[in-house]
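We begin with a single chain expressed as structure tokens, specifically the form predicted alone.
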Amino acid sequence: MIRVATLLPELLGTYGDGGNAVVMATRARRRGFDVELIEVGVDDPLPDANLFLLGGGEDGPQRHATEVLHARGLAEAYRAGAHVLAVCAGLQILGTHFCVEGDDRFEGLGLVDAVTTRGVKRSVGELAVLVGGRHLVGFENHGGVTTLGEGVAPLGRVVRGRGSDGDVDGFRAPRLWATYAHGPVLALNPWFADEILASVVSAELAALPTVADQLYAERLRALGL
């Protein structure tokens, strides 16, 4: 049984990132895996899950979500072996510090050495990132600039938009992926969903051709990639 938990959708659900759970469950089930989807609210304990999903949110809810996830022990669950996919505000929460509500600085969960400050200009629009030879596509809407610490690997190199800092987007670590791409990102990038799923089940996956692959190819053509 694969247990996929969407964390705090009432706080981190601004841009439809909850759809990532549906994509993950659908692609896993079509390959014969049993999947349980769990929505974890602000008053719920952190479940025993294989994959935790964090989405985007506004400044106040992001700050609240950080407090809740710290108290519930998300960092401890990750270090114990869980997988994590984080988008936008979720990405910032996983770092050591982030700025919201102006330049107020708050402590993150510290899963990776990454600091988010406020950018001069908000980034809104198409985002394309080269990840291991393939393009990850989506859209971004954020005011943060995320700087990675020494030894932290970015998710990929930005070829359209700004991502974390204009050069790279997100970060990755064992069992962890983070990006500024909304969409939901797993719906727009079926290959990325399968990369995460393969890690969760610790196995190579057979190809699963779907209409999502056609839509992904059309998106690349529209972006000139």
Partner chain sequence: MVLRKGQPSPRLALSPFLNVISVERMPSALKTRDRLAVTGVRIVNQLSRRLGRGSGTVAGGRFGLRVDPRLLRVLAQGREVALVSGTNGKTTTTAMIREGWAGDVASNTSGSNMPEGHVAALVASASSRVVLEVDEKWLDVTVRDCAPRVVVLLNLSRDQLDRSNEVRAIAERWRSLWATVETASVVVVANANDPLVVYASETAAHVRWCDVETSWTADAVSCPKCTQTLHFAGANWHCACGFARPTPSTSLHDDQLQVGAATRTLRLALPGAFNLANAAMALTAVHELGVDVAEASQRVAQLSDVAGRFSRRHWRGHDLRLTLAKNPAGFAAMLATIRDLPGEIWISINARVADGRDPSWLYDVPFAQLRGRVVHCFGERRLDLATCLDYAGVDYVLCSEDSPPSPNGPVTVLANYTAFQDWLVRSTK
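Positions refer to the first chain, counted from 1. Quick caveat, the model's predicted, so the values are computed rather than measured.
Form predicted in complex with its partner chain: not shown, discussed below.
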property: D59, N141 and L188 all contacting its partner chain in the predicted bound form, non-hydrogen atom within 4.5 Å; result: yes
property: Interface stretch in the predicted bound form with its partner chain - options 119 to 127, 104 to 112, 149 to 157, 75 to 83, non-hydrogen atom within 4.5 Å; result: 119 to 127
property: Heavy atom of A203 within 4.5 Å of its partner chain in the predicted bound form; result: no
property: In the predicted bound form, H64 touching its partner chain (heavy atom, 4.5 Å); result: yes
property: In the predicted bound form, S199 touching its partner chain (heavy atom, 4.5 Å); result: no
property: Contact flag, R3 vs its partner chain in the predicted bound form, heavy atom cut 4.5 Å; result: no
property: Heavy atom contacts to its partner chain in the predicted bound form at 4.5 Å, residues of 22 to 53 in sequence order; result: V22, V23, T26, R27, R30, V42, D43
